[in-house]
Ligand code: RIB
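Consider the single chain below, provided in structure tokens and representing the form predicted alone.
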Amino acid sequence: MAEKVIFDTDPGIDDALALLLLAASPEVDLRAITVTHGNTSQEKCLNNALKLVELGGIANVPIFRGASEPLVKELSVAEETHGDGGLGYAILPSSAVKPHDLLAHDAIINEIEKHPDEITLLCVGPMTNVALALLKRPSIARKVKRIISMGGAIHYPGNATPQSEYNVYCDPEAFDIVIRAGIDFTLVPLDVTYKCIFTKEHLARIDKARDEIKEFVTDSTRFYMEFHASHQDIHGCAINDPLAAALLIDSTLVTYRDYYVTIDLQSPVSKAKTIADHYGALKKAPNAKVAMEVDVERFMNLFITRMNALQ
């Protein structure tokens, strides 16, 4: 039976690729897309989501407008990474799809209440929407099946500050609320996603998808690759969010370690850093299953195969 999933996202180039992967995956019953701020403004992210569901052939999935700013800190966007519109050089036609009137955090609450112990939250942006849902209805924490979150950096350097990963950096207080909520939590940090470098050679293998898909992947990742080359000396681009999505299809793509994970909310130097208690110094039970190794070739083969399936 397909897994019921709410996709919480801030599209975003790699978010868009993750959404296309979900669209190509019968293992996933995509119940809702909840949109937050992050890679660009919430309004632009929402507009991208409306266009992407049409591109992916899943225009029937309801889309909900979410938080436009973090709980505490000022808004951050990453348009230098994702382009002014959030999708690199890709230009998608206007969408006939409209967002649902319900706000994202209420949609999350309703779907979990309707399907207790069945909903997986796949979170690939700042955690504001999920935190707002938990603050409004704390009891849903006991009814979520699990959370898979692309976020954090354990040993790997940060990509927002020297020590913090961007999704956590955008709203560290929200991430702290969610990871302390007692929900089965899988963290997919930069330690594994930055091993998954999508190259021009990988792109060339996406040769059976319909033309609109090939054009979108080409134009969006070209911008992303240029950023990685100029800012990080990486030839290709890290497709972070698709790896988190791929775990819904094949959880064995990564190797996990159980850690008690906390978020630094205080230090001016390391605020928003994800801290794993490797040796149990805090005497706390693990609260996260953290992906620390990845089978890159198997993941890339899966991603490319599913892109080619989008006809």
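What you see is a predicted model; the values in this text were computed from it and never measured. Sequential numbering from 1, following the sequence displayed.
Missing here is the form predicted together with this ligand; even so, the following discussion is about that form.
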In contact with this ligand in the predicted complex (heavy atoms, 4.5 Å), from 96 to 104, 161 to 169, 205 to 213, 134 to 142, is stretch 161 to 169
- Query: in the predicted complex, does L190 have a heavy atom within 4.5 Å of this ligand?
  - Reply: yes
Check your understanding: Can you check whether M150 is within 4.5 Å of this ligand in the predicted complex, heavy atom basis?
Key -> yes
### Query
Does this ligand come within 4.5 Å of any heavy atom of I108 in the predicted complex?
no
N48: touches this ligand in the predicted complex, heavy atom cutoff 4.5 angstroms:
no
Across 1 to 24, the residues having a non-hydrogen atom within 4.5 Å of this ligand in the predicted complex turn out to be D10, D14, D15
